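Here's a solo chain for you in structure tokens, the form predicted alone.
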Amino acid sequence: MTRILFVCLGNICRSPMAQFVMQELVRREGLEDRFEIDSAATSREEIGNLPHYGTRNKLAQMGIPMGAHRARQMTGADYQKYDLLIGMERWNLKAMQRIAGGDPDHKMRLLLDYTARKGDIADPWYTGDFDRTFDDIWEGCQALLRHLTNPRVTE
């Protein structure tokens, strides 16, 4: 089983969107028994809150079901539990490394690292553009799933 933790600043916009997109892609491929997927925040600001209404609306618009989710902060124990810790932007990676005490096993990556266009996924909390965030996350999750199910395929 591959365990994936998606991480962003507050765990209400990008990381839960990535969590539910990835769960849906995995479900469509019939691979649910091969993956455990969750999400977390680097900050404490939103702990206990539901995903942002923009995230909920976009996922509903795209027909992607959302399970029960409340924002939580990543912990050092998450580094041991998960095989991959996927940040949405470089600042997330820095905070994730601080929380975990480094990345000695090289488990931390950016979601768009799995695509041909590396970089950050903009935070829709600030941009208001949940469509663009969704498109980036969809592309990243598809590429990540291809990488995990057929590692010989490179982008």
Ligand code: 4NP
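Treat the numbers as computed from the prediction; the structure is a model and nothing was measured. Start at 1 with the first residue shown and count on from there.
A second form of this protein, the form predicted together with the named molecule, is not displayed here; the remarks below concern that form.
Undergrad: In the predicted bound form, does Ala18 come within 4.5 Å of the named molecule, counting heavy atoms only?
TA: Answer no; every heavy atom of Ala18 is more than 4.5 Å from the named molecule in the predicted bound form.
Undergrad: Since only the chain is shown here, I'm wondering whether Gly140 would be in contact with the named molecule in the predicted bound form (any heavy atom pair within 4.5 Å).
TA: Contact check for Gly140: no, nothing within 4.5 Å of the named molecule in the predicted bound form.
Undergrad: With the cut-off set at 4.5 Å between non-hydrogen atoms, does Glu46 touch the named molecule in the predicted bound form?
TA: Although the named molecule is absent here, Glu46 would touch it in the predicted bound form, with heavy atoms inside 4.5 Å.
Undergrad: Look up in the predicted bound form whether Trp91 has a non-hydrogen atom within 4.5 angstroms of the named molecule, and give yes or no.
TA: Taking the distances in the predicted bound form, the answer for Trp91 is no, it never comes within 4.5 Å of the named molecule.
Undergrad: Go through 24-32, 103-111, 57-65, 120-128 and give me the stretch that gets within 4.5 Å of the named molecule in the predicted bound form, heavy atoms only.
TA: Selected stretch: 120-128.
Undergrad: Considering only 11-44, what residues come within 4.5 Å of the named molecule in the predicted bound form, judged by heavy atoms?
TA: Residues within 4.5 Å: Asn11, Ile12, Cys13, Arg14.
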